[in-house]
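Single chain ahead, by itself, as structure tokens, in the form predicted alone.
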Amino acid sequence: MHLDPFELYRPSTVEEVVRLTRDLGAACDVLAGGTDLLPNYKMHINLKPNLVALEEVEELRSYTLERVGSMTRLADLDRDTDFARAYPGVAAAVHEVATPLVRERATVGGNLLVETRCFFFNQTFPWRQSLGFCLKADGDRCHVVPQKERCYATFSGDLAPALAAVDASVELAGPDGRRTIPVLDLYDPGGDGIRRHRLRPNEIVVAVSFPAASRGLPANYQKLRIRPTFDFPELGLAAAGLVESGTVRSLAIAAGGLETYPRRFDEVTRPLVGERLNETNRNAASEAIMRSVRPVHNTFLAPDYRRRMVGVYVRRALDRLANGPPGVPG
């Protein structure tokens, strides 16, 4: 596999990035860490003749405990013990991304906007050509659910569910200026594996911000995958909240790796606030979330198995919020 030629641009400010992406239009991609984009380019998946690299934009690389720039390397967060104490669920999700070597290059913004995945899409050019190209790259039909209108490629980021569970927000910059939205509003539940986010034309992710109330909030993240490192999530489940003396004071659960976008399940968790957590309502919550998700057969693990594991992970998450992580006194 090799990289075809492309023109590389190295702007130094957010404003330059926006101007370049506007001028180049659909003929460019934005390059962050490149851990997903460049392997796809090597497989000749949706090549563009221009890349706008974000490496030299200082504003995107700075971070504090309140605001993390989109070009912050995941390895830097993974090594930051203050960050782990402040946001344990997000830190756990960071640690579960790929391998230590990949985390040295991968970025916060890159993981939020990582490509959706499907085993009919993430293949070499000869493999895809022999089968017949798909909606997401070069073709006109979906091989997962055979039709020509909707792509079922699965959201494959780890950070979005963990950030959503603690009410984090993202700052965006584009030709119309800057705006800040909740993390989950970045994704389009009415879209598909191609039209997967709500970025306006030529917008980029500038930073992730945390509300003061999320600092130190108990949280956890669990990831289902075939290999214990490297693999993208077949299921990523995040939970955050406060359980005092068995009573739920706050609770949020979010998941990714199941559908074309990450989801948060407030309709299930909201009724638990103020209630004592017990086996009955814990099991009811896990069943309700399990029934609401609709994975399809486009990853290595079977959809029914992934759905059943949602229930298992929800129960574990609630136990950990109530009792602390395994081996840690509650």
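Everything quoted here is computed from the prediction, not taken from an experiment. Numbers for residues come from their place in the sequence shown, where the first is 1.
The same protein has a further form, the form predicted in complex with a small molecule, not shown here; the description that follows concerns it.
The candidate spot formed by R61, P88 and A255 is out of contact with the small molecule in the model of the complex: none of the three has a heavy atom within 4.5 Å. Partner proximity in the model of the complex, defined as non-hydrogen atoms within 4.5 angstroms of the small molecule, places exactly one of 238-246, 151-159, 211-219, 174-182 at the interface: 151-159. In the model of the complex, the small molecule lies within 4.5 Å of some heavy atom of L199. Contact check for V68: no non-hydrogen atom falls within 4.5 Å of the small molecule in the model of the complex. In the model of the complex, the small molecule lies within 4.5 Å of some heavy atom of V205. Shown alone here, D231 lies within 4.5 Å of the small molecule in the model of the complex, counting heavy atoms only. Comment: the small molecule is not present in this chain, but in the model of the complex one of V97, V170, A164, L251 has a heavy atom within 4.5 Å of it, namely V97.
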